[in-house]
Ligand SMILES: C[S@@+](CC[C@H](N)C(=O)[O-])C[C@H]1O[C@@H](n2cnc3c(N)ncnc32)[C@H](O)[C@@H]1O
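A lone chain, given as C-alpha coordinates: the form predicted on its own.
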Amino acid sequence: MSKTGALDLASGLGGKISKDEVKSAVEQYEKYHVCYGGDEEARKSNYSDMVNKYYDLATSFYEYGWGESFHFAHRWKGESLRESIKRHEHFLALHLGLKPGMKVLDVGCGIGGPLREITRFSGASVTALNNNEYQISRGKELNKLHGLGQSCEFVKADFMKMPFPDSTFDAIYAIEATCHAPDVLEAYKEIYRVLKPGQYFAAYEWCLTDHFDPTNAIHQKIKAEIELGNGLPDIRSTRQCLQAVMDAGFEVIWEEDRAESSSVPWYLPMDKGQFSLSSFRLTAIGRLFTRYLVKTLEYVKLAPEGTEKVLSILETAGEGLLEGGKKGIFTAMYFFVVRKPL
(Lines give C-alpha, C1' and ligand atoms only; values in the text may rest on other atoms or scores of the structure.)
Protein backbone atom coordinates (compact mmCIF):
# COMPACT_ATOMS: atom_id res chain seq x y z
CA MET A 1 0.00 0.00 0.00
CA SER A 2 3.04 2.26 -0.15
CA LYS A 3 3.24 4.91 -2.82
CA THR A 4 4.97 3.06 -5.61
CA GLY A 5 4.19 4.91 -8.84
CA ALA A 6 5.88 7.87 -10.48
CA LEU A 7 2.87 10.14 -9.98
CA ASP A 8 2.64 9.06 -6.32
CA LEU A 9 6.29 10.01 -5.89
CA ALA A 10 5.72 13.38 -7.53
CA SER A 11 2.55 14.18 -5.56
CA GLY A 12 4.23 13.55 -2.21
CA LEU A 13 7.46 15.42 -2.86
CA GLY A 14 7.89 18.36 -0.53
CA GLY A 15 5.39 17.08 2.02
CA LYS A 16 3.63 20.07 3.53
CA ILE A 17 6.05 22.52 1.91
CA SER A 18 4.33 24.34 -0.96
CA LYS A 19 5.61 23.19 -4.34
CA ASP A 20 7.03 26.59 -5.29
CA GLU A 21 9.08 26.69 -2.07
CA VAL A 22 10.74 23.25 -2.33
CA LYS A 23 13.93 24.51 -3.96
CA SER A 24 14.49 27.21 -1.32
CA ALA A 25 13.69 24.70 1.44
CA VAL A 26 16.37 22.36 0.08
CA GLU A 27 18.89 25.19 0.03
CA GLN A 28 18.00 26.21 3.60
CA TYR A 29 18.34 22.62 4.74
CA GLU A 30 21.76 22.26 3.11
CA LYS A 31 23.07 25.33 4.91
CA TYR A 32 22.70 23.56 8.27
CA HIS A 33 25.40 21.07 7.33
CA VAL A 34 29.18 21.00 7.33
CA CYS A 35 29.34 20.22 3.62
CA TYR A 36 27.72 23.62 2.97
CA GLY A 37 29.40 25.63 5.73
CA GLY A 38 27.01 24.81 8.58
CA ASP A 39 27.96 23.73 12.09
CA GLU A 40 26.78 21.39 14.82
CA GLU A 41 25.48 24.11 17.14
CA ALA A 42 23.24 25.57 14.41
CA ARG A 43 21.82 22.11 13.71
CA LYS A 44 21.14 21.50 17.39
CA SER A 45 19.55 24.88 18.08
CA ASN A 46 17.36 24.60 14.96
CA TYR A 47 16.84 20.83 15.06
CA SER A 48 13.03 20.99 14.75
CA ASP A 49 13.13 23.08 11.59
CA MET A 50 15.99 21.03 10.12
CA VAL A 51 14.39 17.64 10.78
CA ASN A 52 10.95 18.77 9.59
CA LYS A 53 12.40 20.12 6.36
CA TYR A 54 14.30 16.87 5.88
CA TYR A 55 11.25 14.63 6.26
CA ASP A 56 9.00 16.88 4.19
CA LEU A 57 11.56 16.64 1.40
CA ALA A 58 12.61 13.00 1.79
CA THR A 59 9.55 11.00 2.89
CA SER A 60 8.11 10.45 -0.58
CA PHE A 61 11.47 9.11 -1.79
CA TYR A 62 11.72 6.81 1.23
CA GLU A 63 8.30 5.34 0.65
CA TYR A 64 8.94 4.96 -3.09
CA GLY A 65 12.24 3.11 -2.60
CA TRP A 66 12.03 1.52 0.85
CA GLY A 67 8.40 0.86 1.71
CA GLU A 68 6.53 1.83 4.87
CA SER A 69 9.26 1.10 7.43
CA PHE A 70 12.13 3.56 7.10
CA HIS A 71 14.92 1.64 8.82
CA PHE A 72 17.67 -0.91 8.33
CA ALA A 73 17.58 -4.43 9.75
CA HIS A 74 19.55 -7.32 11.13
CA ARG A 75 19.85 -9.71 8.17
CA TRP A 76 20.02 -13.46 7.60
CA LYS A 77 21.05 -15.09 4.33
CA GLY A 78 18.08 -16.03 2.19
CA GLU A 79 15.86 -13.26 3.56
CA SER A 80 14.54 -10.42 1.44
CA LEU A 81 15.05 -6.93 2.85
CA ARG A 82 11.35 -6.71 3.71
CA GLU A 83 11.46 -10.02 5.58
CA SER A 84 14.48 -8.82 7.54
CA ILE A 85 12.72 -5.56 8.40
CA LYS A 86 9.68 -7.42 9.75
CA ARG A 87 11.85 -9.74 11.85
CA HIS A 88 13.79 -6.72 13.14
CA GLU A 89 10.50 -5.23 14.36
CA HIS A 90 9.27 -8.52 15.85
CA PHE A 91 12.58 -8.89 17.70
CA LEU A 92 12.03 -5.55 19.40
CA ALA A 93 8.42 -6.38 20.31
CA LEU A 94 9.47 -9.70 21.84
CA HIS A 95 12.16 -8.12 23.98
CA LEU A 96 9.67 -5.58 25.29
CA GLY A 97 7.21 -8.36 26.09
CA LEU A 98 4.41 -6.63 24.20
CA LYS A 99 0.96 -8.18 24.44
CA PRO A 100 -2.73 -7.27 24.12
CA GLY A 101 -3.92 -4.60 26.52
CA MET A 102 -0.55 -2.82 26.80
CA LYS A 103 -0.33 0.89 26.01
CA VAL A 104 2.85 1.44 23.99
CA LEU A 105 4.61 4.55 22.67
CA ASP A 106 6.47 4.65 19.35
CA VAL A 107 8.91 7.58 19.58
CA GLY A 108 9.49 9.10 16.14
CA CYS A 109 7.19 6.80 14.18
CA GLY A 110 7.72 7.89 10.56
CA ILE A 111 4.66 6.98 8.49
CA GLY A 112 3.89 4.14 10.89
CA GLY A 113 5.23 1.01 9.18
CA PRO A 114 6.77 -0.43 12.38
CA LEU A 115 3.78 0.42 14.57
CA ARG A 116 1.40 -1.34 12.19
CA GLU A 117 3.59 -4.44 12.09
CA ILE A 118 4.16 -4.42 15.86
CA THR A 119 0.44 -3.89 16.58
CA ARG A 120 -0.53 -6.84 14.39
CA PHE A 121 2.26 -9.00 15.81
CA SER A 122 1.69 -8.25 19.51
CA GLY A 123 -1.89 -7.06 19.84
CA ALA A 124 -0.71 -4.04 21.85
CA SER A 125 -2.18 -0.58 21.38
CA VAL A 126 0.45 1.82 19.99
CA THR A 127 0.53 5.61 20.23
CA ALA A 128 2.69 7.06 17.46
CA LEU A 129 4.60 10.27 18.21
CA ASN A 130 5.89 12.40 15.36
CA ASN A 131 6.64 16.09 14.86
CA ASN A 132 6.19 16.05 11.08
CA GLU A 133 2.70 16.89 9.86
CA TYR A 134 3.06 15.25 6.44
CA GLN A 135 4.24 11.93 7.88
CA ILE A 136 1.34 11.91 10.35
CA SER A 137 -1.22 12.57 7.61
CA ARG A 138 0.29 9.80 5.50
CA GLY A 139 0.44 7.46 8.50
CA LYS A 140 -3.24 8.00 9.30
CA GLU A 141 -4.14 7.28 5.69
CA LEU A 142 -2.18 4.03 5.74
CA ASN A 143 -3.66 2.99 9.10
CA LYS A 144 -7.14 3.27 7.62
CA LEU A 145 -6.11 1.27 4.56
CA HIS A 146 -4.69 -1.43 6.85
CA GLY A 147 -7.78 -1.42 9.08
CA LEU A 148 -5.89 -0.16 12.13
CA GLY A 149 -7.66 3.15 12.66
CA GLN A 150 -8.93 2.22 16.13
CA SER A 151 -5.93 0.44 17.69
CA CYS A 152 -3.30 3.07 16.84
CA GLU A 153 -3.27 6.83 17.20
CA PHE A 154 -0.90 9.53 15.98
CA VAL A 155 0.15 12.47 18.13
CA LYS A 156 1.98 15.45 16.63
CA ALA A 157 4.61 16.55 19.12
CA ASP A 158 8.34 16.95 19.71
CA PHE A 159 9.79 13.96 21.60
CA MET A 160 11.95 16.42 23.55
CA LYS A 161 8.71 17.82 25.09
CA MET A 162 6.05 15.12 25.06
CA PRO A 163 2.42 16.05 25.85
CA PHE A 164 1.79 13.06 28.13
CA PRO A 165 1.48 12.83 31.94
CA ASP A 166 4.20 11.08 33.93
CA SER A 167 4.09 7.26 33.94
CA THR A 168 1.65 6.92 31.03
CA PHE A 169 3.01 3.98 29.02
CA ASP A 170 3.53 0.27 29.65
CA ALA A 171 6.40 0.14 27.14
CA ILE A 172 8.25 2.52 24.81
CA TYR A 173 10.40 1.96 21.76
CA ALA A 174 12.32 4.06 19.24
CA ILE A 175 13.61 2.77 15.90
CA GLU A 176 16.38 4.92 14.41
CA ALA A 177 14.56 8.05 15.61
CA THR A 178 16.24 9.57 18.67
CA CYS A 179 19.36 10.07 16.53
CA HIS A 180 17.56 13.31 15.56
CA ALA A 181 17.61 14.58 19.16
CA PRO A 182 19.79 17.65 19.78
CA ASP A 183 20.56 16.26 23.25
CA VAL A 184 20.14 12.51 23.61
CA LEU A 185 20.28 12.60 27.43
CA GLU A 186 17.32 15.01 27.56
CA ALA A 187 15.44 12.82 25.07
CA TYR A 188 15.99 9.74 27.23
CA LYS A 189 14.94 11.67 30.35
CA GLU A 190 11.65 12.57 28.69
CA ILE A 191 11.10 8.92 27.71
CA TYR A 192 11.91 7.92 31.30
CA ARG A 193 9.32 10.42 32.57
CA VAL A 194 6.38 9.06 30.55
CA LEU A 195 7.22 5.38 31.09
CA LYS A 196 5.61 3.56 34.03
CA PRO A 197 7.97 2.40 36.82
CA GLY A 198 9.21 -1.15 36.35
CA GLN A 199 8.59 -1.07 32.59
CA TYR A 200 10.90 -1.23 29.58
CA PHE A 201 12.27 1.01 26.84
CA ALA A 202 14.04 -0.47 23.79
CA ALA A 203 15.76 1.32 20.93
CA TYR A 204 17.79 0.93 17.79
CA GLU A 205 20.26 3.82 17.61
CA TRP A 206 22.49 5.25 14.88
CA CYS A 207 25.96 5.51 16.38
CA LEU A 208 29.65 5.89 15.73
CA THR A 209 31.64 2.85 16.85
CA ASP A 210 34.94 2.63 18.70
CA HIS A 211 36.65 2.43 15.28
CA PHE A 212 35.71 6.03 14.47
CA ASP A 213 38.76 8.33 14.61
CA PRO A 214 37.81 12.02 14.99
CA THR A 215 41.25 13.04 13.68
CA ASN A 216 40.79 11.06 10.46
CA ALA A 217 39.63 13.34 7.61
CA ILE A 218 37.97 10.47 5.72
CA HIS A 219 36.03 9.44 8.85
CA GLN A 220 34.91 13.03 9.37
CA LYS A 221 33.78 13.28 5.73
CA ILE A 222 31.69 10.11 6.10
CA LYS A 223 30.15 11.44 9.32
CA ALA A 224 29.26 14.73 7.62
CA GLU A 225 27.67 12.91 4.66
CA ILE A 226 25.51 10.80 6.98
CA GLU A 227 24.41 13.91 8.90
CA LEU A 228 23.58 15.80 5.69
CA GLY A 229 21.76 12.90 4.08
CA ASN A 230 19.70 11.98 7.14
CA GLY A 231 18.82 15.18 8.98
CA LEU A 232 21.08 14.59 11.99
CA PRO A 233 22.33 17.30 14.36
CA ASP A 234 25.30 15.09 15.33
CA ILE A 235 26.16 11.39 15.64
CA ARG A 236 26.99 9.99 19.08
CA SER A 237 29.09 6.99 19.88
CA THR A 238 27.66 3.77 21.27
CA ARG A 239 29.43 4.59 24.55
CA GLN A 240 27.79 8.02 24.71
CA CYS A 241 24.34 6.54 24.11
CA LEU A 242 24.84 3.89 26.76
CA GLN A 243 26.06 6.45 29.29
CA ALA A 244 23.17 8.78 28.48
CA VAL A 245 20.52 6.11 28.99
CA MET A 246 22.05 5.26 32.39
CA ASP A 247 22.34 8.94 33.33
CA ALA A 248 18.63 9.30 32.53
CA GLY A 249 17.95 6.78 35.32
CA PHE A 250 17.43 3.53 33.43
CA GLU A 251 18.79 0.13 34.41
CA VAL A 252 20.47 -1.56 31.44
CA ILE A 253 19.09 -5.05 30.77
CA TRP A 254 20.88 -5.73 27.51
CA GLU A 255 22.89 -3.78 24.95
CA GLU A 256 24.75 -4.79 21.80
CA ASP A 257 25.59 -3.66 18.31
CA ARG A 258 23.31 -5.94 16.29
CA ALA A 259 25.36 -5.20 13.18
CA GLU A 260 28.10 -7.46 14.52
CA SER A 261 25.88 -10.56 14.43
CA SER A 262 24.19 -9.83 11.12
CA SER A 263 24.99 -12.55 8.55
CA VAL A 264 24.31 -10.09 5.73
CA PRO A 265 25.69 -6.55 6.24
CA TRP A 266 22.99 -4.06 7.23
CA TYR A 267 24.37 -1.57 4.69
CA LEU A 268 24.04 -3.92 1.71
CA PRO A 269 20.95 -2.12 0.31
CA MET A 270 23.20 0.93 -0.18
CA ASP A 271 25.69 -1.04 -2.30
CA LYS A 272 25.07 -0.36 -5.99
CA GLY A 273 27.03 -3.50 -6.85
CA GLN A 274 24.26 -5.69 -5.46
CA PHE A 275 21.25 -6.81 -7.47
CA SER A 276 17.87 -7.76 -6.02
CA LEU A 277 14.53 -8.19 -7.75
CA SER A 278 12.65 -7.68 -4.47
CA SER A 279 14.49 -4.38 -3.81
CA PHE A 280 15.02 -3.35 -7.43
CA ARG A 281 14.74 0.39 -6.80
CA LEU A 282 17.76 0.24 -4.49
CA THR A 283 19.99 -1.36 -7.14
CA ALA A 284 22.27 0.59 -9.50
CA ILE A 285 19.81 0.13 -12.38
CA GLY A 286 16.86 1.05 -10.18
CA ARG A 287 18.60 4.19 -8.92
CA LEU A 288 19.56 5.23 -12.46
CA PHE A 289 15.93 4.79 -13.50
CA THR A 290 14.83 6.91 -10.51
CA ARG A 291 17.35 9.62 -11.41
CA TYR A 292 15.98 9.89 -14.97
CA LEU A 293 12.41 9.65 -13.69
CA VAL A 294 12.97 12.55 -11.29
CA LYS A 295 14.66 14.68 -13.97
CA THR A 296 11.69 14.07 -16.26
CA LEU A 297 9.08 14.77 -13.58
CA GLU A 298 10.81 18.01 -12.67
CA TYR A 299 11.25 19.01 -16.32
CA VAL A 300 7.53 18.56 -17.13
CA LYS A 301 6.67 20.28 -13.81
CA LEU A 302 4.88 17.31 -12.27
CA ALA A 303 7.53 17.43 -9.53
CA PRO A 304 8.59 20.74 -7.97
CA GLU A 305 11.86 22.48 -8.77
CA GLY A 306 14.51 21.21 -6.36
CA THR A 307 13.38 17.59 -6.45
CA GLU A 308 16.58 16.41 -8.11
CA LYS A 309 18.59 18.17 -5.39
CA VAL A 310 16.69 16.18 -2.76
CA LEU A 311 17.59 12.97 -4.58
CA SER A 312 21.26 14.04 -4.61
CA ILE A 313 21.17 14.57 -0.83
CA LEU A 314 19.75 11.08 -0.36
CA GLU A 315 22.39 9.61 -2.65
CA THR A 316 25.02 11.31 -0.50
CA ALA A 317 23.42 9.65 2.51
CA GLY A 318 23.68 6.26 0.84
CA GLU A 319 27.34 6.75 0.05
CA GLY A 320 28.14 7.83 3.60
CA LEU A 321 26.20 4.96 5.16
CA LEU A 322 27.83 2.42 2.85
CA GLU A 323 31.36 3.64 3.56
CA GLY A 324 30.68 4.05 7.27
CA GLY A 325 29.37 0.50 7.45
CA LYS A 326 32.18 -1.00 5.38
CA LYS A 327 34.85 0.71 7.48
CA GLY A 328 33.07 -0.31 10.69
CA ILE A 329 33.01 3.25 12.01
CA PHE A 330 29.20 3.58 11.97
CA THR A 331 26.31 1.31 12.92
CA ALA A 332 22.59 1.75 12.25
CA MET A 333 21.57 -0.81 14.85
CA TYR A 334 23.06 -0.26 18.26
CA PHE A 335 20.33 -1.94 20.31
CA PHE A 336 19.46 -1.75 23.99
CA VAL A 337 16.69 -2.76 26.36
CA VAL A 338 16.50 -0.77 29.58
CA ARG A 339 14.13 -0.66 32.56
CA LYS A 340 12.75 2.17 34.64
CA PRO A 341 13.25 1.12 38.28
CA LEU A 342 10.24 0.59 40.53
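The structure presented is a predicted model; accordingly, all values stated were derived computationally and were not measured. Don't overthink the numbering: it's just position in the shown sequence, from 1.
The protein also exists as the form predicted in complex with this ligand; that form is not presented, and the subsequent description refers to it.
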item	value
Contact flag, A157 vs this ligand in the predicted complex, heavy atom cut 4.5 Å	yes
Proximity of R138 to this ligand in the predicted complex, heavy atoms at 4.5 Å	no
4.5 Å heavy atom contact, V51 and this ligand in the predicted complex	yes
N132 within 4.5 Å of this ligand in the predicted complex, heavy atoms	yes
Interface segment, criterion being heavy atoms within 4.5 Å of this ligand in the predicted complex, picked from 63-71, 288-296, 28-36, 301-309	63-71
All of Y55, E176 and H180 within 4.5 Å of this ligand in the predicted complex, heavy atom check	yes
Interface residue in the predicted complex among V245, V126, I172, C109, criterion: non-hydrogen atom within 4.5 angstroms of this ligand	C109
